[in-house]
Structure formats: structure tokens, C-alpha cells
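Shown next as C-alpha cells: one chain only, the form predicted alone.
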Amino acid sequence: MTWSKLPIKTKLILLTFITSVFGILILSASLIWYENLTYRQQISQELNVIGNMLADRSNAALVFGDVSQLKDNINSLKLRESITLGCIYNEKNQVLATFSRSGKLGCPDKPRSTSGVFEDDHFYTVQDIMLDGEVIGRLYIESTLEELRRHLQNYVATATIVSALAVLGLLIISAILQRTVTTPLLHLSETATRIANDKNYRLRAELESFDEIGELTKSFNAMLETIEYQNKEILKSYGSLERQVEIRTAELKAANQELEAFSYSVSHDLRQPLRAIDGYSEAIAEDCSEKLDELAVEYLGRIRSASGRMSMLIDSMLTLSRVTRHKLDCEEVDLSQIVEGIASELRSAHPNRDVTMTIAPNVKAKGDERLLHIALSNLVENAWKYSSKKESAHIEFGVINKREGAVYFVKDDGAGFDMKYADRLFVAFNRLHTPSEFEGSGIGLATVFRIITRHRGRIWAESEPSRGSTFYFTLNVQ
């Protein structure tokens, strides 16, 4: 389990334990170091005192060359168990008397006076034997450090036991004291959990202390009061909100019914007089052409042309209406295949046109196949139409994969338009070219805009006059 997932109670105990152990280790190491230093000083002082006493007792025997007395003096060192070697030298550094606890002699040659030297496993001191202020000999005493090691081992063992007991005591004390910190926090957490599970914002956390945790409890209770008040206000407005939703739903339903009625009227009521106008105009032109002059025949032609444009507008409006009301049926759609079919139909309808179509293969997207077919038909047919004045035209369909997603495009090298009018492109009945230049209803791009919007995408264009146009769109259906 990671540190962030541990309960706060466990964290406090672990922090106390780690801090205590670290502090006690530093204190114990300091005490052991100090005890080692003090004990070494004690050994040095004791052996120097013994050496001074023995040197004072040996100066007379050394002057008179009483070797037996010197041996008696040096053998007195065996009374201290730690001393392993003792040597008495004359002024010429010749050994006159020795003591060795192991029986092996190892007196150093020409020792120099020193108050004490600690080496790896022993300590030694060299004392001058003086008479009337003159050095007449030297005393060498060597001692083992085994006593120091035993003392330090006992001290370390004692310090370890005391430290362990201290850490245990601190843990017990911290386990008791941490409750004063964790209990209010645990109660606050339990209250928050109950509120989250039961959604009962009338509950309040109990104020158990007046420190920072107490301030947190006060703020928590104040937040609950605010939430409870807001919930009451929401419940009060819920009834009126439901009524408003019902009213808006009824209005939307009525609007949809009116739209359906309008679509039916356009589809049936408007088409019938248009067919009559076109039919009678055609009959007059065929049956009475000999009785009409050229101007009358021209007017009849204009009447038939206007009724045809009107019929095309009705078809476009019905398409726009159906696009808005059509339920999306999203699936994976092969856009390349759709564009291939549209291009094939255009080539069949206009066999004399010289148009190169570049279609990226296997371009797929998720969406409603019927609506996407309508959108691509409008875009490709626009590219075909607005490049019709070129002897050799080029139209391209493809996709650009960007970090934020796929961007699809339809590009042509036709008439183009001025970008300052780009905001009018996708508004119904707004055209950037006159009917004499290019025929059209002005509803195609508005239909494309609604289809792309229903797919939660966006559409935009880039163009220059006489240098073609590129229409980009995205599809973000979820």
C-alpha cells in the first residue's frame, strides 16, 4: 500500500516512530562516542599514574644498578590485569628489567617519552625516570584494550535496550495522543461519507476542537448549510421549471406540426399550380405558336423557366426540411465510395466536360450515410458547377489527419469567391454569384451546414476569385 493510501492514524504513528528512532539513534551514537572517549582518557590517566609511581620507585635502583629491585618493581605491574608488557631502560636505552604477561618479550628499541598512544589493539605509555632533573632511564608500559571493548559492548547493549524501551514507550504514548488529532478528522470524514451516500445535507459535523481542525469543521458545516439552502431553492423552482418545460415542449411539438404541414403544403399545394402553369404554357407554345409572335413565345419560355426554377426551389426547401427532421443513424461510412458514385453520375450527365477527379481511397467516417451523401453531393456538384467555365478542370476529395481529428475537404480550381463574403456562404437563399453566371437555389450549402452541424462537426471554406475554392469539414458524432 502506498503512503497516500494509508490512514492518517497510521501515518502519524509512523512519523512518530521514524522521528523517534532517528533521534534515539543519534543520541545513542553520541553517548557511545562520548563514553569511548571518556574511557580512553581514564585508561590513559590510570596508566600514566602507575607509570609515574613506578618511575619514582625505580630511580634509586637504576642509579645503583640494582637489577633485582628493578625486576621487583616491574613485576608489580602484574597486579593490573590489563597490563601485558613492562620494560625499564637505562639512559642508553638498554633493557634492564621486563615484565610480560604472555611470556614473550617485545620491548621496543629506543622508545620516546609519551603520555599515551592508542593503537588498534593496545595502549602504551613511556615515562622518563628522573633524578635531580636529569633523565636516567625510561619506563615502557603496554596495556590491552580488551577491558575497553567489554565496557563498550556492555554500554552498547544497555543503550540498545534503553532505546528500544524508549521507542516502545513513545509509540504507546503517540498512539494515545494521536487520537486527539485523528478522532475529529475521522468523525468529519465519516460525516462527509454519510452525506455523500445518503444525500442528507441536514447532517452536521460535531465541533470537537478549537484549532485548525475545528475551523475546518466550522467551514464544512457552513458549506452544508449553503448546499441545503440551495437545494430548497431548487426544489421550489422545480415545479415551475417542469411547467416551463411542458410549455416549451408543447410549443416545439406545435412548431414541428406546423413545419410538417408546411412541408406537405409545399410538396402538394404549391406543386399543383406550378405544374398547371408549366403545362398550360407548354400547351400554348405547341398549339398556338403560329398565332403568337416571337415576343409572346419568348415570354412563354420565361414563364416555363421561372416555374422550373420555382420547382427546383421547392425541392431544395423540402430537402432542407427533411435534413433537419431526419433521425441520425450513425455507422461507418465509406466517403470515398460515395464521392466515386457522385462523380460517375456527373460524368454521365455531362460527357463533354473535361474534369479530372482525384479521390483519396478508403476515406471513412462515422455518420448517417444518407445525410452525408446529400452533403457530399452538394459540395461535389458545386465544385463541378463553379469550374464549368474552365476548359480543363480539376476537383479533389481527401482528408487531412490532424492531432484534433480528421478534416475532410472538397477542392476545385473554378470561379472561387471573395473571402469577405464567407459569412454568407451557409445562409439559405444567399448567393455570391448571379443566376446568369451559375444556376442554383442558394440552399445547397445551407443544407450541408445543417448536416455537418447535426454530426457535431463544423464546416468552413477558403477561396480566392478565379482561383478555386476548398471546403473543409469535420465530423465528431459520439
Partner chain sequence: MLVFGGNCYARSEYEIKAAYLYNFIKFVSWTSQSVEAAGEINVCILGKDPFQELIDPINGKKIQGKPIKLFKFESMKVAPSCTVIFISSSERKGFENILMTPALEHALTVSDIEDFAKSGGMIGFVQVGNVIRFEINLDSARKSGVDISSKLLELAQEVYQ
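Residue numbers count along the first chain shown, from 1. Nothing here was measured: the structure is a model prediction, and the numbers come from that model.
The same protein has a further form, the form predicted in complex with the partner chain, not shown here; the description that follows concerns it.
- Contact with the partner chain in the predicted bound form holds for all three of D66, Q94 and I136, each having a heavy atom within 4.5 Å.
- Screening 445-453, 53-61, 416-424, 29-37 for residues having heavy atoms within 4.5 Å of the partner chain in the predicted bound form returns a single hit, 53-61.
- Of the residues L216, L203, I173, L131, just one reaches the partner chain in the predicted bound form with a heavy atom at 4.5 Å or closer; this is L131.
- For the residues N90, T183, Q337, S388, the 4.5 Å heavy atom test against the partner chain in the predicted bound form is passed only by N90.
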